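There is one chain below, alone, in structure tokens, taken in the form predicted on its own.
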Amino acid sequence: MFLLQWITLNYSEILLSWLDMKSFLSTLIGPVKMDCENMPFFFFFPFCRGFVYDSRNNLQMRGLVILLVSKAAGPSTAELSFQHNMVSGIYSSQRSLAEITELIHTAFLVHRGIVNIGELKSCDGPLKDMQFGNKMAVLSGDFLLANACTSLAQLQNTKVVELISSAIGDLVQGIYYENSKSSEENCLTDDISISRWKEQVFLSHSALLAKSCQAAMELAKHSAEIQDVAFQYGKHMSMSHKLHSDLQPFVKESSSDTMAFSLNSAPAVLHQEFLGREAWIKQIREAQGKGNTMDYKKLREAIKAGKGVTSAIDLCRCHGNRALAALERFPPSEARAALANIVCAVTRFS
């Protein structure tokens, strides 16, 4: 109810935000063919989320990457019958796919907002409010996902449906694994290697973008080789993005010493791999104060003193280089340069 009231009060700001984004995309990839007045509510949801939360931490980059990959690849020489649907080098079906991908991502973000009622404390607020919030998160996420699936079916391409469906399955599997591990008693951190960590991150963070990029090539009837190139770019770019995000508490100068970070982030996993499981658990226990409060400053300094941070930076740049290598298969263009700039942005730590 609060969200609906907020959208009603701030509709003009939301619409202006969408118009600004439309203007930006028009300069980058050509006119965006959408009627703002008749646009369904679910497409405004990502923009609403950018107002509710800090937009710098909620970049809607997946749809943009799909559009740029579509433009960089260009039209296929194998199929000429439907090129009249192309605007500025992008097919209408590819634009629809970009919207669908963002919608799926947003739906899963809403579902991630569900809280474990059993872990709530009295200071967290009234129980009935949390229960109502959970119901709204389930229904809202399902609504967004249902609209995405309807639009996906309207593309009338069984391979694309299969790719995106498998990406949704990967997301569910990745999130389920995260939740099952975090719910285990006395589980401070996962006992996993960096290779296992990468497998889990692919499921929960990279599969959707990678398979959407591949699906965009399928919609343009590109060869299996070009589809694999798009898949590799989406996979390695999103892996770099995740590593870059995990590294921020350790490399960002403005970050607070007491700021919490995940003990299953890439630097922590690599630190554990170099140090050993027993020694890492000992460091965590030593950083725990009274009431199981964690001294993150102490843990951060311990990780920075080891090889975890530098190794994570190297791994981020390794995935970035593999993404750039995949781009070399596309002809030189402004879209390819923009995709390369995205990779450079997530692999820069100076």
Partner chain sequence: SKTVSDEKYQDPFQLGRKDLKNLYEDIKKELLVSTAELKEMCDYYFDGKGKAFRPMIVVLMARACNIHHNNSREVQASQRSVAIIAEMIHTASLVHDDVIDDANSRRGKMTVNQIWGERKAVLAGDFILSAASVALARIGNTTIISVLTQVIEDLVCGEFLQLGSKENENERFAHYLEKTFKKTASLIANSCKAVSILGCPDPKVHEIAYQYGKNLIDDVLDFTSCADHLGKPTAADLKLGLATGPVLFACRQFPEMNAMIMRRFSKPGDVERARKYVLQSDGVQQTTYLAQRYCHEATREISKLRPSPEREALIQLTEMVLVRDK
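Numbering follows the first chain given and starts at 1. No experiment lies behind these values; they were computed from the predicted model shown.
Although it is not shown, the form predicted in complex with the partner chain is what the next lines describe.
Site residues 140, 150 and 175 are all in contact with the partner chain in the predicted bound form, judged by any heavy atom within 4.5 Å. Residue-level contacts in the predicted bound form: of 192, 168, 219, 226, one residue has a heavy atom within 4.5 Å of the partner chain, and it is 168. In summary, among the residues 115, 279, 260, 87, the only one with a non-hydrogen atom within 4.5 Å of the partner chain in the predicted bound form is 115. Look at 126-134, 240-248, 262-270, 89-97: in the predicted bound form, residues with non-hydrogen atoms within 4.5 angstroms of the partner chain sit in 126-134. Taking non-hydrogen atoms only, residue 77 never approaches the partner chain to within 4.5 angstroms in the predicted bound form. Proximity of residue 232 to the partner chain in the predicted bound form falls outside the 4.5 Å heavy atom cutoff. Taking non-hydrogen atoms only, residue 198 never approaches the partner chain to within 4.5 angstroms in the predicted bound form.
For residue 108, a non-hydrogen atom is located within 4.5 Å of the partner chain in the predicted bound form, even though that partner is not displayed.
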